[in-house]
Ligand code: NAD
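One chain follows as structure tokens, the form predicted alone.
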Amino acid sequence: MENTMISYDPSNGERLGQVRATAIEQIPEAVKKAKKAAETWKILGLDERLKIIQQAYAQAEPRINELAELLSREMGKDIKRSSGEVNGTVFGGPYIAKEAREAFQPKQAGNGTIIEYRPLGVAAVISPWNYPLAMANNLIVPALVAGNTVVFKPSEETPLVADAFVKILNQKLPEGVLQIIYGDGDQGKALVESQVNLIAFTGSQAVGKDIMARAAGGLKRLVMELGGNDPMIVLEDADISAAARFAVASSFENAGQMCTSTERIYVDKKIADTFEKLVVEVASRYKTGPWNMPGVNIGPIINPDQHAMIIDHIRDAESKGARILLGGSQQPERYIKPTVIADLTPEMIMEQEETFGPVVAMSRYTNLEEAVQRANNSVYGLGAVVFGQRHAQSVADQLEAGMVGINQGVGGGNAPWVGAKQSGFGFHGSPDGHRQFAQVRVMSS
């Protein structure tokens, strides 16, 4: 690839800025530097590392608006959502750090035995473009608190906002503790194959499999979230209005470019007419446009390839008998207008794969067992949602997903972010997730 990586505004294709791609031969040197920094970083102790990390994040507070605008311009999401992500990152980082500090405290195991949580060494963090700060933050912070150093490769789609954020943190972090490298898959592969001890990755299933293969030779630790194809089941006794609002909000969030977006909806045929009508009514209120246009809640699709893939999924559904209730395959450049599809079938690509766009795809069922079977008939298992009353808990218990919501979205509280089946390998978040960034050592005396 070229030495210069240019970042573009996905809403109009305008050039935003550039960074210099990291030469492949420089990556082992960055890891070597991280290993050297780890020698002093780990001996500081939990309390001192926590203090430094908190000071580093405090540097970012006056820059929140600047970072939010840059995130919007580079990734495309509206300014309200970018502000939410940046605020969550800047103020959430110290919270995660404090929670991780507690998670890494030694624990008594009886008979003079103590369980300790020690640094692994160097962590490679590879993050996606759809939440370029939030998802990186969830991996970087526990790695640092544990006493590891980090070599961070952001997505080639969003290098500018990552670069700005790391530079802010490095005003307080010791040299070499957090380094950033730039590039595409070539740099990512080189980082995975380098002498790192842990690889923390959020991204596609295909890349995750490649990482596992490349990491196998060194038996490197892996923490990976690999996307989803999340189902939603709407029971006969569901609050139809609430279910319809959730279906649209979840399918359209971040222009559908979210790993836990609702991708497939199975609705009881007795309420399907009403449900479909309400979904169209709600979806019709959404507005597409650039980040700074008033009232916009669906931004551009990140790049032309992703835009074309979404349209291909819609066309495939059309060709196989789906009813287009709103939107369709005729879409403007860079954007996907709100689209609602009914009569989804198992043969359609949209049921089998992640569409990752603002599309609500629905199917009617007559037999609840069939709906559960279709919901589970996927290699993915990140999230799943059930709306209903009497049998909602029973249905939720049958769903093969790492996170299940009943009459609400997935996740919440201090629970880990975890996927089942091929949606996850390891997990992060919560004290249990934080401990995956450390080496467990049992000390008996």
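Quick note: we count residues from 1 along the sequence shown, nothing fancier. For clarity, every value in this text was computed on a predicted model and none was experimentally measured.
Below: the form predicted in complex with nicotinamide-adenine-dinucleotide, not depicted.
- Residue 226 is the only one of 90, 226, 223, 103 with a heavy atom lying within 4.5 Å of nicotinamide-adenine-dinucleotide in the model of the complex.
- Taking 179, 197, 130, 297 one by one, only a single residue has any non-hydrogen atom within 4.5 Å of nicotinamide-adenine-dinucleotide in the model of the complex, and it is 130.
- Considering nicotinamide-adenine-dinucleotide in the model of the complex, the lone stretch of 203 to 211, 332 to 340, 370 to 378, 265 to 273 in range is 203 to 211 [heavy atom distance within 4.5 Å].
- Within 4.5 Å of any heavy atom of nicotinamide-adenine-dinucleotide in the model of the complex lies no heavy atom of residue 78.
- Looking at residue 356, you'd find a heavy atom of it within 4.5 angstroms of nicotinamide-adenine-dinucleotide in the model of the complex.
- Although the partner is absent here, residue 184 is a contact residue: one of its heavy atoms lies within 4.5 angstroms of nicotinamide-adenine-dinucleotide in the model of the complex.
- Of the heavy atoms in residue 188, some are within 4.5 Å of nicotinamide-adenine-dinucleotide in the model of the complex.
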